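As structure tokens, one chain now follows by itself in the form predicted alone.
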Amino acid sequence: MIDIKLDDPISSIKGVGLKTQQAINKLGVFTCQDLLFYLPRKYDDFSNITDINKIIPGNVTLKAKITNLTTRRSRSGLSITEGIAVDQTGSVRLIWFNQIYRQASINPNETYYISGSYKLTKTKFSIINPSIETIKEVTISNARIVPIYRESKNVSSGQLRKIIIDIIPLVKNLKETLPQSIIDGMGLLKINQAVQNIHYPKSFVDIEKAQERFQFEELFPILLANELSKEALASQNSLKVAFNLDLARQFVEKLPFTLTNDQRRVIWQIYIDMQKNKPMNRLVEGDVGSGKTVVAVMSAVMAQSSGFKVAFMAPTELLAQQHAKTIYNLLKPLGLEKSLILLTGSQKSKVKNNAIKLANKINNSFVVGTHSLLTSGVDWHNLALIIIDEQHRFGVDQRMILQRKAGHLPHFLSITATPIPRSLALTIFNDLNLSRLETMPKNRKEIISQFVYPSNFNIFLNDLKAELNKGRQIYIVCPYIHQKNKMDKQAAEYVYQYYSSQLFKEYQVGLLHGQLTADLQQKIMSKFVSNKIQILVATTIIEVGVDVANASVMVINGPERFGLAQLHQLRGRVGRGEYSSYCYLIVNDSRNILPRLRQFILINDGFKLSELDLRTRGPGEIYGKLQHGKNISFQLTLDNQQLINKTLQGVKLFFNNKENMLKYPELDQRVKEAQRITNLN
């Protein structure tokens, strides 16, 4: 029996000194319970003990004695310890690098379990850096399925295994986090069994069952949160928006372009939703240029025709101003342009007060701004529709504000250019109705994407100068702000200095990043919009930005640091006007280009790229991993439809059994966190 508790710091564990504690802390592990939930990332199978005369290249485990130990140093100073493993069937060479202690610690008369990789080195087959344990010990790294953990600089998987086995008895003290009815009904392992099996499995079936428990537990609160959101919305009332066929026809006829079939389909879905007295909760996703704004405005004018207000919220003031201009041009042919009101935090008091008065005076006003609209003096009692652009987090607090101000919940329409894989959208956002604009307008030009290597860098510079000489503008995106060392050439500050002082001294170069004040960011971006800045060096702060039709080039430094969906968002900053546009990915060596980046060059479809992103980098790259208060290392297995269906059955069982959430405080906390993070919850 061990004399430590789950919430004790890891320094309480025997053998964990200050250096090891600090190394483990860097992994996000601080307590014994954290360590129990620090799950393996993979496993090596050393469970089958093989006679030496039957071993083949790969992972092997032997039961043998070790003789003929010698240690020498290579010319480079590397210590090399060699020995011979011997059993009744034969012998094989063992090699350890920089493990000089092996010679003194190994007893030639002792029998050991020996596990390692058997492979060809130069002209001989050997087992390289094998782990060894005497057959008298409870094995940790030999003769078993061995867990491999994510490591930090000063702590290895072997060390973590030794530390975790000392506290495994604590699993009996773990509190169950799921209702027993769900565990029994879904055939899941109890939490203590799952933790025991994930670290020290007897078979791969043990691992699969443990992983299923953890993956179920990761997905369950999200789907439960969505179901609770659906119930909450179903209990609310909203204003009915009548369908006006003549207005819809008039809007379409006055457009300077033809709607795509996707736009027509999505608009009709929205019209059907808004005719009900229950709040619409719809997400419209589509690539940059697919026509989301037109869909939103066509939805808005229908609400206006019923005499109701519309609120349009953008993530930044600059984007709100840009939307106001676009919306004005769409409303003008209908004679509704005077109903449009721009309301932002930076407006002078007199302008703002006049805007609020006008918004209140016009019953069917169309108010454009940021989230500050909610706390303005606008009377929202007549609000029927709220449109949220590029914001996936319109949470409970904002809804409560609206409900208090309006006396009801308006219809919600969220539009995004972030490509979300269908499996992710239908799982994480399954409380929303999902619409997709997959067809691009016929006049939309494809952006030409290509790599820039050191060997063709001068050609690349000439291409940039050619665009600048045509009067075009350029974005240069960097993965971070400050240099990490003197050799670092990807930092925004370095790139800004290099381009402004050496490469393009004759042009105005700007620097934009998140550490600047909001006012300064606004001023710099406004200068770029007005072409007072020709080259804008920035971080991904411009990922969701204004529509600068004159910008024809996107340059991305360190593209390997970004997910494909994010790269596609950045690429979408250009190609928004009539000019041919280009996206350049700067890489150091053509031989080291990641396969997914090659796919990015070839594929211009954001949805296809998002699906590829999901397979290669996981859903955390798209929506940000949910924090559960435990270091669960799995990400949602969203291509596992069987798991998703099983979790949905678990949610249904939870409601059928009328479980009380307050009986499960940890689950309650996770559900609230899921509601905070997922879209429109």
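Remember, predicted model here, so these are calculated numbers, not experimental data. All residue numbers are counted from 1 along the displayed sequence.
Just so it is clear, the following notes concern the form predicted in complex with a small molecule, a form of the same protein that is not shown.
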query	finding
Proximity of Phe257 to the small molecule in the model of the complex, heavy atoms at 4.5 Å	yes
Arg571 within 4.5 Å of the small molecule in the model of the complex, heavy atoms	no
Non-hydrogen atom contact Thr293 with the small molecule in the model of the complex at 4.5 angstroms	yes
Contact label in the model of the complex: Asp547 to the small molecule, heavy atom within 4.5 Å	yes
Proximity to the small molecule in the model of the complex, single hit among Gly307, Gly158, Pro169, Gly289 (heavy atom within 4.5 Å)	Gly289
Sole residue of Arg576, Arg282, His513, Arg472 within 4.5 Å of the small molecule in the model of the complex, by heavy atom	Arg576
Candidate stretches 158 to 166, 533 to 541, 81 to 89, 260 to 268, one within 4.5 Å of the small molecule in the model of the complex by heavy atom	260 to 268
